[in-house]
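Presented below, as structure tokens, is a lone chain in the form predicted alone.
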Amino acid sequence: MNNGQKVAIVTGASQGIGAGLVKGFLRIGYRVVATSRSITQSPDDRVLAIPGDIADWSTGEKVIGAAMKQFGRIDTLVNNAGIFLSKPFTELTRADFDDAMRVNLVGSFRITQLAVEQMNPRNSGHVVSITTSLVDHARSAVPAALAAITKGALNALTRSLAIEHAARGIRVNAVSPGVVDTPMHAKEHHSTLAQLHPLGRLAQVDDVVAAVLYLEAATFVTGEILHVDGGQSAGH
């Protein structure tokens, strides 16, 4: 079915930023394909929920296939699924490395390949990846080698794909948040984490959603890494 209504795919959609993105895209009139390991079907017929682990190469194929079968088009992909592990570099294990690579990078790579493949014939589409400001502004108090490797790779991929596909009308951007108030961060750590941002507070989910929706509407913006970090990447 393709009735002209735009369709967005959101990974990591069951909670936090992902759940906020689903609501945000519905608010602007999109239909949404939502995927995560724990996703459950929504009563809203504008939402198609596809359970799956993005780290599994086949999940991207399942999600893209279901989106095309149900809605007949893909306009936007938001690579939101990710894990964050703050651990001293020398204490990171092979399992830590493999998990971060598979969830943060490999899964996003594959679903992006498949989404862009569907966007190419229409000469239109948008890919947004959620990365982190720690890629550009390392903090000794927050060891984040795996985030730097994996999310930094997504930043690089964003710029590369933006140029490769610009002539086809497909835009590729990233949103680079600071620390966001989600279930990932225990409340007792919020006051300490807030000090990472010159604005002195954590980002809210709506701050990140607003940035993604800005990029969605900003049709002359591509290859952009948009920092939503309360000034963290500018300095302290």
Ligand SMILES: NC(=O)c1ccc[n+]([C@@H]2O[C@H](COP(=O)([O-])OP(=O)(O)OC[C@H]3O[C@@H](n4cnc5c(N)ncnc54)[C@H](OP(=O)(O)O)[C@@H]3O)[C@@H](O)[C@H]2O)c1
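One rule holds for the numbers: they count along the sequence shown, beginning at 1. Values in this document were obtained by computation on a predicted structure and should not be read as measured data.
Just so it is clear, the following notes concern the form predicted in complex with the named molecule, a form of the same protein that is not shown.
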Consider the chain as shown here, without its partner, and state which of Val32, Val63, Val172, Val179 has a heavy atom within 4.5 Å of the named molecule in the predicted bound form. Val179
Pick from Arg201, Arg168, Arg46, Arg37: which has a non-hydrogen atom within 4.5 Å of the named molecule in the predicted bound form? Arg37
Is the gap between Ile54 and the named molecule in the predicted bound form 4.5 Å or less for some heavy atom pair? yes
Look up in the predicted bound form whether His126 has a non-hydrogen atom within 4.5 angstroms of the named molecule, and give yes or no. no
Contact with the named molecule in the predicted bound form for Ile111, defined as at least one heavy atom pair within 4.5 Å: yes or no? no
Can you tell me if Gly16 lies within 4.5 angstroms of the named molecule in the predicted bound form, counting non-hydrogen atoms only? yes
Taking the named molecule in the predicted bound form and a 4.5 Å non-hydrogen atom cutoff, the residues of 130-153 making contact are Ile130, Thr131, Thr132, Lys151
